[in-house]
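Single chain ahead, by itself, as structure tokens, in the form predicted on its own.
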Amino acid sequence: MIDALTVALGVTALLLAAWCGFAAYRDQPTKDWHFIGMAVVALLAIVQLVIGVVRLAGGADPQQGVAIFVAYLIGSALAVPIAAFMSLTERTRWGSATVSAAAVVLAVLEVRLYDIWGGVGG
């Protein structure tokens, strides 16, 4: 995996979590600007998914197994888009809170992906 992309995705996910968490704190639903932020984070996750699949097709082997690596890649690519859809259906502060929680989950998934690939001690 590309370490810089993993770090960038984790940091942008945490920034999105803070931004949407602040909106929830202020009793605001997600707004258009939040969806632009979600799109940026989702785009980074899709780029990571493509790079991960290309690396696997090229013969690279994650330290902890291909199946779990692919599962985490798919989960990280879907976390924010699913939360975005849920926030559209919940037009209260809880929509913002849902996106915030999903972005934190994405940041944790990134740490785990790094570990699965072999970044920690590998």
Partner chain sequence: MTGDSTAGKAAGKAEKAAGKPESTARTGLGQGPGRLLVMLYGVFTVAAASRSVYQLIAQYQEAPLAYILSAVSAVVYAFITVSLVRGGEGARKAAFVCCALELLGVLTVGTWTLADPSAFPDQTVWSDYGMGYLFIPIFLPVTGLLWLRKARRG
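Numbering follows the first chain given and starts at 1. Just so you know, these numbers come straight off a predicted model, no measurement behind them.
The protein also exists as the form predicted in complex with the partner chain; that form is not presented, and the subsequent description refers to it.
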*Indicate whether the candidate residues Y25, A42 and V50 are all in contact with the partner chain in the predicted bound form, with contact defined as any heavy atom within 4.5 Å.*
no
_Position in contact with the partner chain when the complex is considered in the predicted bound form, options A60, V70, I46, M86, heavy atoms within 4.5 Å_ = M86
_Any non-hydrogen atom of A97 within 4.5 angstroms of the partner chain in the predicted bound form_ = yes
*Look up in the predicted bound form whether V111 has a non-hydrogen atom within 4.5 angstroms of the partner chain, and give yes or no.*
no
*Flag L14 as yes or no: does it have a non-hydrogen atom within 4.5 angstroms of any non-hydrogen atom of the partner chain in the predicted bound form?*
no
*asked:* Is it the case that V105, even though its partner is missing from this view, gets within 4.5 Å of the partner chain in the predicted bound form, heavy atoms only?
replied: yes
